[in-house]
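A single chain comes next, written as structure tokens; it is the form predicted on its own.
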Amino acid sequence: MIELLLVIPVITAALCYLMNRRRAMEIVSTIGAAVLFVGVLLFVAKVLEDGPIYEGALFMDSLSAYVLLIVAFMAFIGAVYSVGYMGHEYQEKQFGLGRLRYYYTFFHIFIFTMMLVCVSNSLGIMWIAIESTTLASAFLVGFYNKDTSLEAAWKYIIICSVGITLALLGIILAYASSVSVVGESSNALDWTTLRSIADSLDKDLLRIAFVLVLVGYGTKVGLVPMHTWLPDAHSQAPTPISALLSGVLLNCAMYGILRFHIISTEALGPGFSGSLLLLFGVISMVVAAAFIIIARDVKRLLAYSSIEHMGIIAIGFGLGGPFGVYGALLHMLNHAMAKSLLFFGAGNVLLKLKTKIMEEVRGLGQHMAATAALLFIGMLALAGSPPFGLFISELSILYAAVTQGQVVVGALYLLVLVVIFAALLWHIGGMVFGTPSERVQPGEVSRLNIWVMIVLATALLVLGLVIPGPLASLLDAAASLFGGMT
């Protein structure tokens, strides 16, 4: 049954490729993404009611259902936003119908690869899926065929391919650590198998395997110092793709690390993999803060912010315990929505003012009032201000650090959050307020884009005030998989 979910984006991509009219592509893309989201909701409900779904190479438990839910929701949001954004660029003749068909086809292939990551039981197939996300999204990063976008695409492919090669070595070592227990069976790389025999795995091989996987998949996550591809790729891609890269793809790569983290913890105890996640998380936050302060390009600013938030998530899982894990899981969803909200706001500005340089955008509230208001709301949400959802997740992680005696980590974590809040307020506030640097005809480029942003802003506010019952149950079930990390 899980394969039915995987078929949806493949069929949608094929239909988009066959379309010869812009409106037909937009309708097919939006309906396909909506059907996928509804299908994922049904599977999530089934997992909550009946427990994990085992279908050979495909597998869905509460953790995969949760990440899959983020993928499907943001795919639908991105597909709707693409109608307004890509449609506007098409009308301005920045590309032809053939390029638009290319965009929608690879958009849904990209979604397929991320979904495959979430539902693969075999760590080998998961590796193939994560590598496939690179290949599918690289075409979208280089979509505009400019020197800067092509350079970003090649840099993305080369750096992530090196990282994914290291992850493959880690998977091979994980397999070697299990051969003495299960032999050379076909399911020796299944996550469920490895977890069931975690106590019997070769401890030394497993330690090396986790380090390689953390560095390999950490390259895709954007953890420092393996992050160098991320600002270029996220800033050069079409804005809907930038949102998916930051809000969804990074979560999928983190999901790959978490599967190994759970096995490593049950085999070695929480200290080894948890300490490494803490180390990379803290370094990522500190380095990202420095680049956020000096950023000039708004999309690069948001890309460095993604590195910071992946660091926060890594710290939460590294700390472990009920508050650390729950906060990290909740942060994955909140960050995806907040970052997409800000990328969409930046996209509206780019369509209207033809610039990504923040110093060239002043007094946005006077000629794009709705975008300006939603951009500022998104900034407050992303910075972890109450009453938005990221305030709850960041506070939960901070509480985990304090209660576990990680005083240095907690103090540094809080200090970096304060510095980044000030930097975001300075940058985004400067864009929204003040006197416009040039005369611009008031108005928004797309009402549809504004409504998409309103949905995201509302969701962020709701999650800061109350977590709906089914989502709370899914979070609890996913957090229980990390039960050994208390």
Partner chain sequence: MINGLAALVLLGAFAAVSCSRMPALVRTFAFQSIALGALAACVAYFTDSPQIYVVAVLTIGLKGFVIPRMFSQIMNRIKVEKEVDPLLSIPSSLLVSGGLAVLAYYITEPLITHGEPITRNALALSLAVVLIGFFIMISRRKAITQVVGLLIMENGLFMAAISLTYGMPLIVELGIFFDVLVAVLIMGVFAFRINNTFDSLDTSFMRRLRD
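These numbers were taken from a predicted model, which means no experiment stands behind them. Positions refer to the first chain, counted from 1.
Quick note: we don't show the form predicted in complex with the partner chain, though the next part is all about it.
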(message) Let me test this: is every residue among Ile293, Gly318 and Tyr399 within 4.5 Å of the partner chain in the predicted bound form, going by heavy atom positions?
(response) no
(message) The chain here is shown without the partner chain. Which stretch in 239 to 247, 280 to 288, 163 to 171, 326 to 334 comes within 4.5 angstroms of it in the predicted bound form, by heavy atom distance?
(response) 163 to 171
(message) By the heavy atom within 4.5 Å rule, which residue out of Lys352, Arg300, His367, Arg362 makes contact with the partner chain in the predicted bound form?
(response) Arg300
(message) Only one of Met86, Ala267, Ile307, Leu189 gets a heavy atom within 4.5 Å of the partner chain in the predicted bound form. Which one?
(response) Leu189
(message) Does any part of Gly142 reach within 4.5 Å of the partner chain in the predicted bound form? Heavy atoms only, please.
(response) yes
(message) How about Ala373 - does it come within 4.5 Å of the partner chain in the predicted bound form, if we only consider non-hydrogen atoms?
(response) no
(request) Tell me, yes or no, whether Glu394 is in contact with the partner chain in the predicted bound form, where a contact means a heavy atom of each within 4.5 Å. (result) no
(message) Although the partner isn't part of this model, could you tell me whether Arg195 comes within 4.5 Å of the partner chain in the predicted bound form, counting any heavy atom of the residue?
(response) no
(request) For the heavy atom contacts within 4.5 Å of the partner chain in the predicted bound form, list the residues of 237 to 263 involved, in sequence order. (result) none
